[in-house]
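One chain follows as structure tokens, the form predicted alone.
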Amino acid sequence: MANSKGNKGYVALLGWVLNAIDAVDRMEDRRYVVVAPEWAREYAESNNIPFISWDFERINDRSVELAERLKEEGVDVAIPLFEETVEWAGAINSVLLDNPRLLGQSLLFRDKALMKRRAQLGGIRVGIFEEAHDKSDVIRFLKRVNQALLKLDGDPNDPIHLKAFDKAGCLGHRVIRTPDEVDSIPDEEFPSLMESHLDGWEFAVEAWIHDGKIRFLNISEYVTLGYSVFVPASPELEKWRPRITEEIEKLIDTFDISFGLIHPEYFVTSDGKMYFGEVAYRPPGFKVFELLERAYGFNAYQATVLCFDPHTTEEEITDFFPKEVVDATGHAGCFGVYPRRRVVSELVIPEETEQDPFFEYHELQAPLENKVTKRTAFGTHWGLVYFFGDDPYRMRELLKHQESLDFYV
């Protein structure tokens, strides 16, 4: 099972991500094993990928069994690649690193209501939030928030956001404006988290932490949430970097983070206040790791292994990371395509997209069926289109413009 690599940490990757496996395989001195569901076994064995089969259902008593197995194998640390494996990593690392607090910490990263409470206790600014156990809780919260905003009869409601407790990012995220919209929420989506709406600039951060210190901090600029992102951010957003760094340091202290990668989201409101949205302890979605590699030339999965591995030295960390913003060779962005028609028959890349000097490539597939299912909540895009260029303002406009084009006709 063990691969014959050097004297650095032996890491377990929790989840199946080919780009991550490839990145770790290219690290000269680190052994690794992939812990993933049984369906990945055949591919792993035929490609000499060290593999342990495990199904990551909701965390249960068997996490100790997996932890003991990895400990016997000689693994130093487990690295979560998906939201569903964050709690497992906490349970496993509490055994491997002999630190029982890591399990409690992983629960904070998974339960969004608990996460917000902990953030508040640490003096971090958050919006109004509550837990919803059924539809009546949602209606009550919507009314209370709008009463607090001194809305009069006939004024349009300020929306509220409903989010799944323990899912990644946009999954299960709904925007509710009227009590009628609450009827469409399936009962199985409860319990969930309700939040007031924050008007402002929403963005994400990827921060690699080693020995309790920030080693690289990227600001990902959302052009439209759920549709498009680019890195590094525009100069207007980058000017917030000192404040953002302070907020990340608060997060590190409040959540007691000493190593790894965090992916928090924030809002900056028009009056210059910064609100914490949520934090994930795993790689971001929307292929941000691939965008970072395109812009900076370093592999973000390898960066994550370095920051998780207890055997990584200070010197290795210093040598690995480039300097934020100044070392980027340009801006890398991607756009998530959603069909704009209810019935589609073929994939056609718009000529203006393909001919654009910033266009690089796409990962779109021909449609498997003609009828486009209606999106509930934020939904899942059909694939990504990638761009790269030297002008962040043009990048922003270009990504925004893609929303008005048909990729599926």
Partner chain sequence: MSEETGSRQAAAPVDSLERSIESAVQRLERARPFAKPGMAPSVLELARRLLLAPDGIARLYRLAPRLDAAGIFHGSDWQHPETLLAGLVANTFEQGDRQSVTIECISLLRALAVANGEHICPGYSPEQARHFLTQVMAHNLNRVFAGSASEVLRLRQSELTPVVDQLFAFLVEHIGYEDILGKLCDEIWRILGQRPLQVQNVKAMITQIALTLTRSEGLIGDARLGADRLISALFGPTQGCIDDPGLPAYRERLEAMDFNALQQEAGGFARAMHDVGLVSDYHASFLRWLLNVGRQELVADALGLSSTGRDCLQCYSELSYRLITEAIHTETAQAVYGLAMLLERGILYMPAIAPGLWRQIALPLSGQAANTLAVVFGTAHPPGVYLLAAVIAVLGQPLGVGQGNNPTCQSARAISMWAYSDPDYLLQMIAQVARFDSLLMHFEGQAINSGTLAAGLGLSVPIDNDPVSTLLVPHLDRIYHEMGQRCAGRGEDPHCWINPEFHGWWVGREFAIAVDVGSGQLKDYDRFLRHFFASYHPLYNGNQPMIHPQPAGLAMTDSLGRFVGWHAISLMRVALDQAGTMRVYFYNPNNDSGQDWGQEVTVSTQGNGERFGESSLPFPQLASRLYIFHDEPLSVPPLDAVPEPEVAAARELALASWARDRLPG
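Residue numbers count along the first chain shown, from 1. All values derive from a computational prediction rather than experimental measurement.
The form predicted in complex with the partner chain exists for this protein as well; it is not shown, and the discussion that follows is about that form.
Residues with any non-hydrogen atom within 4.5 angstroms of the partner chain in the predicted complex fall in just one of 125 to 133, 104 to 112, 331 to 339, 292 to 300: 292 to 300. Shown alone here, H362 lies within 4.5 Å of the partner chain in the predicted complex, counting heavy atoms only. Using a 4.5 angstroms limit between non-hydrogen atoms, L399 is distant from the partner chain in the predicted complex.
In the predicted complex, none of the heavy atoms of K371 sits within 4.5 Å of a heavy atom of the partner chain. The closest heavy atom approach of I49 to the partner chain in the predicted complex falls within 4.5 Å. Think of it this way: in the predicted complex, the partner chain has a heavy atom of just one of E57, E346, E42, E354 within 4.5 Å, and the residue is E354.
Contacts between 7 to 24 and the partner chain, taken as any heavy atom within 4.5 Å in the predicted complex, involve L18, N19, I21, D22.
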